[in-house]
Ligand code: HSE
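There is one chain below, alone, in C-alpha cells, taken in the form predicted on its own.
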C-alpha cells in the first residue's frame, strides 16, 4: 500500500506568555518542522530524521512524538493502515519553541489527512497532546493548540477539553532568540512551586484576562503591559543564564516586552512590526550571549498560521 508522500509544515510556537501557564499559546511564522508520510499496510516506520537537533530525536516509533500522535489519530478513525514517515526538524529540541509539540501536531495533522480528515481540529489537538503527555510527562496542549489552529490560543479547560482562538494583531512583531543551552520540558517542570499564594493568583488572573482583551482589541500596549508572570518564569530563571540581561537589552532597544518562551531557554520579545526594530533587537539579545561565549540563533518573525499541507 504505497501512495504519494504528503508533506506538512508544523510551525514553532511559544507558550505560557506571561500568566498563561499551560493555557496560552502563539504560533510563529517560522521556523517549522516538515513531516512527510504515506500509507503502508500496517504499523509505523520512521524512514529518516534530519535537521537541527535530529541526532537527539528517537527513531523508535514508540517514543517519537510524531508517530505517537499519528497512532492516536488512526485509532480514533479505526484506520486499517499504517504510516511510513520522514521528519525534518527545523525546531531544535529542548528550545522552548514547541519542538516536540510541532512534531506531535504535524504527525496528528498528517494522519488525519490520510484518514480523510475525519477528526475535528479539537480531536487532532487531543491526539497531539497525548504525545506531549507521553514525551514530557504531563498533559499540556498549549503548544499543539496554536500549532494546529494558528494564531493565539487559550485553553479554557482540560476536563472537558476546550480551546479558543484569536487572530493576533497584524502589527505584532516577534523576535525569538535561542541560546545554545538545553532545557528539557520535564526538567523545567521540576523547578515549579507546588502551590501559589492568593496574591499571585489574583495577579495572574488580572494579567491573563487583560492579555486576552489586548489580543482581541489589537492593542499592542495592553498586550505588553499584560505579559507578566509572578510564579513560573521566576522559578525557571536559574535554568537560563543571562535571561534578565537579555530581556533588559531587548526592551532597551525597542521591544515592547520580553519574556521566557515556554519552558525556555528561548527568549521572545514583542515589538511593533510597523517599525524596523526587529533586527536591532535580535542583534542586541544575541550579543548578550555571544559576548559570554554562548552561541545564539535568532529569528525576526510574526504570529503565523497553523499546520498546513505543502
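Positions refer to the first chain, counted from 1. Everything numeric in this text was worked out from a predicted model, so none of it was measured.
The same protein also has a form predicted together with this ligand, omitted here; what follows describes it.
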Quick check on residue 262: any heavy atom within 4.5 Å of this ligand in the model of the complex? yes
- Message: in the model of the complex, is there a heavy atom of this ligand that lies within 4.5 Å of any heavy atom of residue 71, even though the partner is absent here?
- Response: no
Examine residue 21 and determine whether its closest non-hydrogen atom to this ligand in the model of the complex is within 4.5 angstroms.
yes
In the model of the complex, residue 224 touching this ligand (heavy atom, 4.5 Å):
no
Checklist entry - in the model of the complex, do 39, 67 and 112 all put a heavy atom within 4.5 Å of this ligand? => result no
Within 4.5 Å of this ligand in the model of the complex by heavy atoms, the stretch out of 163 to 171, 205 to 213, 181 to 189, 76 to 84 is 181 to 189
Restricting to 222 to 254, the residues within 4.5 Å of this ligand in the model of the complex through any heavy atom are 236
